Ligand SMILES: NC(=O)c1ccc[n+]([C@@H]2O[C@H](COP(=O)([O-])OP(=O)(O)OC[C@H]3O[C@@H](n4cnc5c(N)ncnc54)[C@H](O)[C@@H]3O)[C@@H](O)[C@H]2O)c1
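Let's start with one chain on its own, the form predicted alone, as structure tokens.
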């Protein structure tokens, strides 16, 4: 973390969010919502699994009833790649023009829709916009179309954020595209749509909620950065009072309902609270940022051993030479060790976060172990693997994972402590076996 004189410290934080419509049945109002945005011809982006539930077809019918033409692309890939993004972009270019986009699905479909929106309104190719050093980190010059995000999973927060995540297959790394213009115009969060989410997906995506809230809450404060000029500001500005509020509430909601939602997917009350937690966490981290667990997650997902495949996720027969570790699962696998490492930067925040997640729990003698123990207990309860060793990595893989993590400097810059290669190696080593 670069030192600077206190008189040059940042005094400004920023906050952005989409419009939000939340509640059971909210999806039925999409025709009105798109009409208000002036839409007459809309691209609906989803994936085969969500399409099989009938929800995208239902939403397309709602739009048509409002005299809005709806064209459906239903081939988004769960855990998208550069190839799957390119397929969706090519479809949209061929079938367009459109005047709005609706994403129906998990983070993968919403992220695919963001990429489609970017590359159908701006020139260039995908790698022009991918974050450096993997890509060229070009900023869009043109305004994007209105994007309405309708999440059917609870976890990614993509309906609130300025980021889309993808796997660059040739480089064996996950990375992203980040710009304020990618943020959806409107998030329509209907908890009924999450009732079909399988237990394994609920567990993995729920860990993403927890890590979003925990990482944004423990991110370096916005006042720890050197003062920026107006044109230098980025969406991730560090922990701040507004993001903190969302993160704390998300943790409390998850403590009350997450295990129930995994155990009994038909419990609409629990599903509603987890959906609300996902929304709150997205509103928090979409401004404060995330750090080490997310930076580690990208190479873990990008280099996953080929023989690992989680329960309740689709099998891709696309010639990929690595397995599937879902994003939320990949994030969680190093989170206990990461929060052990960051503890000294803000002990009181780490302890408070553990108390929110486990009200009434007895603190261990070493307070630095409190949050790691609470988080590991939740992971164990909902069936997350017991570390990166449990998904097929060994000690010999750590150097390659470290290399992938260190490419995520946009995320590591948000960590409350400076992070070296040795630090990442130690965190990964502790994460081979969590319990």
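Positions refer to the first chain, counted from 1. Worth saying up front: this structure is predicted, and the values here are computed from it rather than measured.
Absent from the display: the form predicted in complex with the ligand. The rest refers to it.
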Using a 4.5 Å heavy atom cut-off, are 158, 198 and 212 all in contact with the ligand in the model of the complex? yes
Checking 50, 43, 388, 384 against the ligand in the model of the complex, the residue with a non-hydrogen atom inside 4.5 angstroms turns out to be 50
Answer key, the ligand contact in the model of the complex at 4.5 Å (heavy atoms) among 205, 296, 279, 218: the residue is 205
Testing 225-233, 99-107, 244-252, 130-138 against the ligand in the model of the complex with a 4.5 Å heavy atom criterion leaves exactly one stretch, namely 99-107
Does residue 313 make contact with the ligand in the model of the complex, using a 4.5 Å heavy atom cut-off?
yes
*residue 152 within 4.5 Å of the ligand in the model of the complex, heavy atoms*: yes
Heavy atom to heavy atom, is residue 193 within 4.5 Å of the ligand in the model of the complex? yes
With the partner left out here, check for me: in the model of the complex, does some heavy atom of residue 80 sit within 4.5 Å of the ligand? yes
